[in-house]
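Before any questions on how it binds or moves, here is one chain, the form predicted alone, in structure tokens.
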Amino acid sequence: MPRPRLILDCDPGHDDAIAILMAAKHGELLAITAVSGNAPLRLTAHNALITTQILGLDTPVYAGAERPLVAPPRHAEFIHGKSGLGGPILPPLTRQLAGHDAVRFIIEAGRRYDDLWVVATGPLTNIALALRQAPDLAARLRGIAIMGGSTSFGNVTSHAEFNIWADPEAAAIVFASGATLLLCGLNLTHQFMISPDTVAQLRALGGVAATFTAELLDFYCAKYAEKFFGKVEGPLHDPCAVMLVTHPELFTCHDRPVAVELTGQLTRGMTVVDERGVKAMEPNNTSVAYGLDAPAALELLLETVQLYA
């Protein structure tokens, strides 16, 4: 069966780097497009490049939006460190960007291919700009797989997840676009928890990719312990959106109406998922992931890292 054709729109970020690792082996990865999110754009673009360099990938990287559509830029240093990839000692960067117009690349690729998936693991600014500039793109794309939002709890506020909260106006455009949408929210990604035992398994595989991944997750899990759980473990969010396209059999999904709250004093950035079922007043616009075969997902991660050895 052919691998799905992908663009990975991301803001590396530890789990974005692992999403790159997964997408390159299980999809036909046309390009990586960087967006401001976990860190400023200059750092997320750098981190995308350095990840491809360490992994030995020849995937081009394009820089995109430097800031959200309306809100001021807000970043996630509290989890990802000042650089966005805290933990590993990174080598000097020897690669250059393929371009600075990620939005134009997304539009042109969507018009060139009739089977293109965009996997979005950062704020949805690049995607919203592409849909706004090229409204035909919504129908041309095979779909957009989003890591963002939640059917329940948030992580930057009680109800809002970071990627949606960082640019809710962009997210609202995407969810209202009519594109085929898949959603991995916190309710799903918190089923894929990474522990020190997982990090030890990765490190034991040996090789540059395994060491890089283990060092990323060491830092990442420690930050989650410090900021959230008190326990050294963390949810591996972004690879879930990749696997939802490349390995959909690992997931249980249900179609739901989803909208983004823009004005609520306590709920701005919340993904409002209508759970009323078949009698809901709003039409379904999103396939929402609710369940994950976590042991199989972990086995897939380990197998994928081994492919780089």
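Numbering starts at 1 and runs along the sequence shown. Note that the structure is predicted; figures quoted are calculated from it, not measured.
Heads up, the form predicted together with alpha-D-ribofuranose isn't pictured, but that's what we're talking about next.
Interface residue among Asn155, Gln191, Ser177, Ser83 relative to alpha-D-ribofuranose in the model of the complex, by the heavy atom within 4.5 Å criterion: Asn155. Contact between Thr271 and alpha-D-ribofuranose in the model of the complex is not found at the 4.5 Å heavy atom cutoff. Though the partner is left out of this view, Asp238 does reach within 4.5 Å of alpha-D-ribofuranose in the model of the complex, counting heavy atoms only. Taking non-hydrogen atoms only, Leu186 approaches alpha-D-ribofuranose to within 4.5 angstroms in the model of the complex. Mapping the unseen interface onto this chain, Asn38 counts among the residues with a heavy atom inside 4.5 Å of alpha-D-ribofuranose in the model of the complex.
With alpha-D-ribofuranose omitted here, the record of contacts in the model of the complex names 162-170 of 130-138, 162-170, 109-117, 85-93, defined by a heavy atom within 4.5 Å. Residues are counted as partner-facing when one of their heavy atoms sits within 4.5 Å of alpha-D-ribofuranose in the model of the complex; in 1-29 these are Asp11, Asp15, Asp16, in sequence order.
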